[in-house]
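Coming up is one lone chain in structure tokens, specifically the form predicted on its own.
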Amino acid sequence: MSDAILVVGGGIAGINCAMNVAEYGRKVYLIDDTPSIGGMMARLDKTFPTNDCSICIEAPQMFDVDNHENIEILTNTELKKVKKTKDGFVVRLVSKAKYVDEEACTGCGACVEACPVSIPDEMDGKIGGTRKLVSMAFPQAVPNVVTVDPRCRYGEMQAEGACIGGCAVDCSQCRECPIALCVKACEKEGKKAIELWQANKNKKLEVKSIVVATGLRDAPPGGDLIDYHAYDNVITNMEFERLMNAGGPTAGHIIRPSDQKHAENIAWIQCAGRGLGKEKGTPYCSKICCMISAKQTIITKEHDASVAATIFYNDLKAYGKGFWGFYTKANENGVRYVKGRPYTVTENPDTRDLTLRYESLDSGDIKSETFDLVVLATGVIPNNRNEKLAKILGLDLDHLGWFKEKDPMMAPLKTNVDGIYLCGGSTGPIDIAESVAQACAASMRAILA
């Protein structure tokens, strides 16, 4: 049996776990079900409480992982079956086709430019973000190659103007595509990296132990939460994060989705959706939202000191090192904190401004204020593949969908299955610093298993 270790999830926790294991001389398989490692952190603008550039921190780590002789990265890859043996695990994986030869692709972008169809980006759609049917996850993606959307490959996007899908012969049988613009653009660059005939590949591994680092995701607004679905200028804190990001759809300009005007009066609503239940929101405190909003207001003020920033909150969570000082910094920069409970938003159809009604928790009065933009701190929830992964690995989930530790006090990061460990957002809401610390601890448990 191999003494290799499998790390499931290529976010900041998975990256640090893999690197730590590899530095001890062990073989590591780092898998992620998306086209690139990096996770949520790679899409952020800054990290709290230092406000360092997020991708500036993570990109060098991604590069190191990609170039480490003991680490094999498998993106677009999912667990299919896991069998426990006396000495470890036999793992079966499926790598989904990217329809691109990763060895030949240089990430030049010629195929992206040639693609005739743009669609709303899954993360940035509401704030104007689009992507092509041939796209790269983000500029610093690892591996730095493009991926062809499967819907394009199988002819499902022809109605949108896609150039692929009209042939009588399937791509798997015809390897000289005469119509695909991405193929022609790639060949014009002197390469033949686009391979529309690719198929999914199965892979079998033998590993000593497994670390689950599946991460978390931002909670979508449930139901009619503060009229998110009704008004363009009501957005989530993750969407606002992308507005601030120089690599986002607005190149870092904080503008309103409705009319692209620079927002001058912005409200943040804390605990948006909290207590609404699992189907409509988060029935728990996500722990990191207060600092996320503080960070966003500080950076907004750095962009333009004249912007009015107001945070509506019920309670304040500042549990980590430097967090209270971060809150103090927001106050010193002119951020206004209002202890209130917002409950409805209405829009002026002429100006597209938003009137927010709320109950003041200090006086009990009902008040109204008008803003250009409203940002919902919706919290974080488990990865949507946790349930499937738990069945494959035989792990226990709690009633909210997070992986359960065997004993948080006496056996932290261990699971109910010997040889499988947890770290990062797989266990619950967590910040980046905690994720890295847990990744180091889980890597040592996996090595010593």
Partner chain sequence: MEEVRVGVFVCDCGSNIAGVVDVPDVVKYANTLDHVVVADEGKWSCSVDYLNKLKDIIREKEVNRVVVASCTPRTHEPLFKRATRDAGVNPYLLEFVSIREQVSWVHMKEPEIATQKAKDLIKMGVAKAVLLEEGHEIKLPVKTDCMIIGGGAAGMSAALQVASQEFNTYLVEKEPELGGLLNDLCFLSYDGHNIPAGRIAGSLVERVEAHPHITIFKGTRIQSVEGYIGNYKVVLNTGNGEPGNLDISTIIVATGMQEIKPEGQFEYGNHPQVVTQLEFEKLLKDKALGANKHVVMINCVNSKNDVRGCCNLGCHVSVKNALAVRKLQKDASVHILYRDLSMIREEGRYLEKAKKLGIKFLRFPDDQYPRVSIEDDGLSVKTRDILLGRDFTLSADIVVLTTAFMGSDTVDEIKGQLKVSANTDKYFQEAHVKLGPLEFPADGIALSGCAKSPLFFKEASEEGIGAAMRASIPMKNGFIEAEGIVAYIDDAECNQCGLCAKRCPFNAIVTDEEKHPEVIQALCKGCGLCSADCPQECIQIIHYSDDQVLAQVDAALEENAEKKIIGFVCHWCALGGVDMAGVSRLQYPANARLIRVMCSARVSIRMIQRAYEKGAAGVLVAGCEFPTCHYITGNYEAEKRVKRAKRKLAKQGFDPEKLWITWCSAADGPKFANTMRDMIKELDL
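Keep in mind that this is a model prediction, so the values were computed, not measured. Positions refer to the first chain, counted from 1.
Only in words, not in the display: the form predicted together with its partner chain, which the text now covers.
- When its partner chain is considered in the model of the complex, Ile381 lies well away from it, no heavy atom lying within 4.5 Å.
- In the model of the complex, its partner chain lies farther than 4.5 Å from every heavy atom of Asn202.
- Although the partner is absent here, Asn314 is a contact residue: one of its heavy atoms lies within 4.5 angstroms of its partner chain in the model of the complex.
- In the model of the complex, no heavy atom of Gly419 sits within 4.5 Å of its partner chain.
- Across the options 209-217, 189-197, 350-358, 168-176, residues that bring heavy atoms within 4.5 Å of its partner chain in the model of the complex belong to 189-197.
- Contact with its partner chain in the model of the complex, judged by any heavy atom within 4.5 Å, is made by just one of Lys126, Lys287, Arg151, Lys84: Lys287.
- Using a 4.5 angstroms heavy atom cutoff to its partner chain in the model of the complex, none of Ala159, Pro221 and Gln270 count as contacting.
- With contact defined as any non-hydrogen atom lying within 4.5 angstroms of its partner chain in the model of the complex, the contacting residues in 434-449 are Glu434, Val436, Ala437, Gln438, Cys440, Ala441, Ser443, Met444, Arg445, Ile447, Leu448, given in sequence order.
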